[in-house]
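The chain below stands alone and is given in structure tokens; this is the form predicted alone.
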Amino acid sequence: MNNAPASPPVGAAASVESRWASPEMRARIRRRYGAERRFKAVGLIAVLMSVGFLAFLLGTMAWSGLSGFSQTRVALPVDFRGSGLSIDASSMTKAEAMAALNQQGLGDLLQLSATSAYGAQGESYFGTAAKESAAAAIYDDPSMLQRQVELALPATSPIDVAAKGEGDAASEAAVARLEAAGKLSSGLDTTFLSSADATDPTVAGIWGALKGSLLTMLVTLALAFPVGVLAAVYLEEYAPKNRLTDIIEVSINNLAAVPSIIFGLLALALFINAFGLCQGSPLVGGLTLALMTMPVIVIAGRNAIKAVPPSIRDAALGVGASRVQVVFHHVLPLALPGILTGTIIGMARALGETAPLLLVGMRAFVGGTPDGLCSSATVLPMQIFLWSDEVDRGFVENTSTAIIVLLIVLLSMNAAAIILRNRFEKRW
């Protein structure tokens, strides 16, 4: 018996073909293809707009902030002969030598030399860091105390800003005179990367805030990662499916969407008012950000654990592994890429937060670097916020430069997430 399907009648096939070839059907097909082309065009425009906005942001920050990594210097001839300045570099540390020179009148000698070289306005050419820079140069070469030398010393903020093209008329005129005399130079501003906040923008630096951010992130990671991962493991592998676990899951999802300032209020009431922990410190800041980051890690961890095929669990149980061995020897290693990616993305979000840290006292002026978890500290976003409120135009440049540092840290964390995901990723 022949079971082959019967072919449609010739007339029916011709009728279907004629319907597809009809003008109405062709018009419908053209409309479908047109809609698809328009959808692709809209998607391409959206991508190009996103790339354009990102390029505009990065370009603006680079244009305003890259000059912050350089420092304008003014040449100053100084005659140290007969000044009475002396140090013993072999038996003194650099800090001791600089303190001794300051006590012996190095600052007065520099002011006198500036007035002699550039007139009455000469003192306004050299910033707060000039004295430290001169003392450091003497410590490196004590023999200059026996002769006349020309030192390239950091300029004041108005001269520095004018040399970079954004100063007032008086400062620009002074810069023009100095450039004509060949007394201006520029170089890498190591002070910005190695010092803490200050009232003078020429000596203010980012290291204090950067160290505070690192200590705060260390506390956040130490608390949020293990608690978040263990919570995800329990909810996904051990928790019974009942009304209580449903409430817990909904609560965690809601916590991930709570405004960050609410966590700041909770931290203020719990860690500072109730427990009496050190206010405005990396410890309290890290605990606050850990509360905010933990729901994100739990959700990412659950999704990564859920993505592990059930066959992995069944195979491990089939060869006699215990439930704990299945989870920690098989499931967690396979879910690790997703967990690490979610953790680092959550940490990157926490690094950029300012609202919760305002409420726990991390917005104060901190003129030094934190020595420990309970020291007074600030973080990079808060330092940017504080500098943006300053009137001195030198802080505008510092603000853009600090934003570049923050973007570099954030991009580094995202790059680390990609590298870790690719390193630990396993296919099945």
Partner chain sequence: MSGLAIVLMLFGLGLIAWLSGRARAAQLERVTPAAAVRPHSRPQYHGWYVALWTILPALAFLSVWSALSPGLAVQAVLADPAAASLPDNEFVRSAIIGEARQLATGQIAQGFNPQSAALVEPFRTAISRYSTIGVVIALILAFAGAAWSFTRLKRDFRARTRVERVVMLLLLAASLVAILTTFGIVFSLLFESIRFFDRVPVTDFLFGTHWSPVSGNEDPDLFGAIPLFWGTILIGAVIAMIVAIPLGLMTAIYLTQYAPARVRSWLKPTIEVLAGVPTVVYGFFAALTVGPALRSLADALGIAGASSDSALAAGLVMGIMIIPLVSSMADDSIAAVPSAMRDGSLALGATPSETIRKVLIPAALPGVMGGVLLAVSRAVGETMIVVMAAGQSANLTGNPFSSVTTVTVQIVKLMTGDQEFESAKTLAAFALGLVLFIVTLMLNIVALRIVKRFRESYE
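Just so we're on the same page, rigid core means the largest C-alpha set that superposes within 1.5 Å between forms. Positions refer to the first chain, counted from 1. Keep in mind that what you see is a predicted model, and the values were worked out from it rather than measured.
Keep in mind that the form predicted in complex with its partner chain is not shown, yet the notes after this line are about it.
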Problem set entry | its partner chain: the contacting residue among Leu265, Leu112, Ala137, Ile312 in the predicted complex [heavy atom, 4.5 Å] | Leu265
Problem set entry | in the predicted complex, the one of Ala176, Leu317, Val149, Ala355 near its partner chain [non-hydrogen atom within 4.5 angstroms] | Ala355
Problem set entry | Heavy atom distance at most 4.5 Å to its partner chain in the predicted complex, all of Ala35, Gln325 and Leu407 | yes
Exercise. Should Ser375 be classed as touching its partner chain in the predicted complex when contacts are defined as heavy atoms within 4.5 Å?
Worked result: no
Exercise. Does Phe53 make contact with its partner chain in the predicted complex, using a 4.5 Å heavy atom cut-off?
Worked result: yes
Exercise. Is there a non-hydrogen atom of Leu44 within 4.5 angstroms of a non-hydrogen atom of its partner chain in the predicted complex?
Worked result: yes
For this session: Evaluate Phe69 for contact with its partner chain in the predicted complex, applying a 4.5 angstroms cut-off between non-hydrogen atoms, and reply yes or no.
Result: no
Problem set entry | One stretch from 91-99, 201-209, 248-256, 78-86 that, in the predicted complex, holds residues within 4.5 Å of its partner chain by heavy atom | 248-256
Seminar exercise, completed: Residues in 228-251 that come within 4.5 Å of its partner chain in the predicted complex by at least one heavy atom, in order, are Leu230, Ala231, Val233, Tyr234, Tyr238, Leu244, Ile247, Ile248, Ser251
Exercise. Quick one: once the rigid core is lined up, does Tyr33 have its C-alpha move by 2 Å or more between this form and the one not shown?
Worked result: yes
